[in-house]
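Okay, so here's just one chain, in structure tokens, the form predicted alone.
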């Protein structure tokens, strides 16, 4: 069955007290709405639409950065959820299949739950996701007649008897796309808020002789985020889930509560993660690698058996092959490090290619930026780069070549060659003592002059 995903992300989010749209606040290293997009991808959605409003340009750019195929639709006026769904109709012209409506500020709906809704579509024309919270509070209520959903009533419009119902509405709904748009078009705004509620489609479907049903989920899946406090609580919940999943998949976390994951972090079996490690978006770590304490990784790949850290930073484009060693206070950016290569101490490797078995000495820097353009450094296999070497890109160091410690390398180094790029050392006997005596005398003279001025 083909499916389209409609993610509603038009709200201002005034309770966030922010100049940014609510859905651009991050959870698990990505904007809130990205979690709904991920759930839709897991469902195999053929088309994905994001309905934007407040800060729509910013939200649209962020969405296309994550997925260039996302269709961004504008809701110029925020007049309710049914009105938001109507805006997606034109973009789905000719689409045949189901549409599922998700929310950009509700990040925890599981793919399994959406799959259960898809299966329920075999029995019902409209399927709504419901839950029973510990405190029903001001949630909309699902009014049932046996297994059939009769209608959804918003709390402010509900009678006392309806408010006593504990089965509540998540807002998530699935139906045939054409039916969904037809029902949404028929929704009126004769209610306490004067808005077009998507929830009204259930009662409208019943009037047409159509069936509506409910799939139930845990309350935690329906958590919506409206404040900074709720965002912090959601981050804690996300991290707890991610850590538990990593442990279940065979990853060793030495201090789980200190490790932070992104939505798309992938760790292979027998990876060991030491305390205080942060995984930003786009990280894959292969089997048997070890990420040592206080390291930060984003947009990178770590090969099998590699060791990273402690206190290492891998930035986007870092590609570590198998058994690589990246040590303390080393930063790698947009660079490929070959099998078994070592960058163990206090170095920056950016816009570079390091061959297999090469050793990079402490304090080495690839000088990749000239103030306008980035340039690339290429180092061959089994090379030895001496400590405190400055490699001024663009430059190539050949296989089994060597640079002397303290060198500034500005020209290519052929295979097997030794490059020295430093001034000849000159020793001046006795000069240091004479210089120190002169400096001390000058300091004493300035002290006497200061005293004279104060008197």
Ligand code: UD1
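None of the values given here were measured: they were computed from a predicted structure. Numbering follows the first chain given and starts at 1.
Just so it is clear, the following notes concern the form predicted together with the named molecule, a form of the same protein that is not shown.
Q: What is the one choice in 377, 169, 364, 358 with a heavy atom within 4.5 Å of the named molecule in the model of the complex?
A: The residue from 377, 169, 364, 358 that makes the contact is 169.
Q: Looking at heavy atoms inside 4.5 Å, which stretch does the named molecule contact in the model of the complex, given the options 119 to 127, 369 to 377, 293 to 301, 191 to 199?
A: That would be 191 to 199.
Q: Is residue 351 a contact residue for the named molecule in the model of the complex, using a 4.5 Å heavy atom cut-off?
A: Outside the cut-off, so no.
Q: Closest heavy atom of residue 75 to the named molecule in the model of the complex, within 4.5 Å or not?
A: Yes, residue 75 is a contact residue.
Q: Do residue 176 and the named molecule share at least one heavy atom pair within 4.5 Å in the model of the complex?
A: Heavy-atom contact with the named molecule at 4.5 Å: absent for residue 176.
Q: Is there a heavy atom of residue 154 lying 4.5 Å or less from a heavy atom of the named molecule in the model of the complex?
A: Yes, residue 154 lies within 4.5 Å of the named molecule in the model of the complex.
Q: What residues, if any, in 64 to 81 have a non-hydrogen atom within 4.5 angstroms of the named molecule in the model of the complex?
A: Contacting residues: 75, 78, 79, 80, 81.
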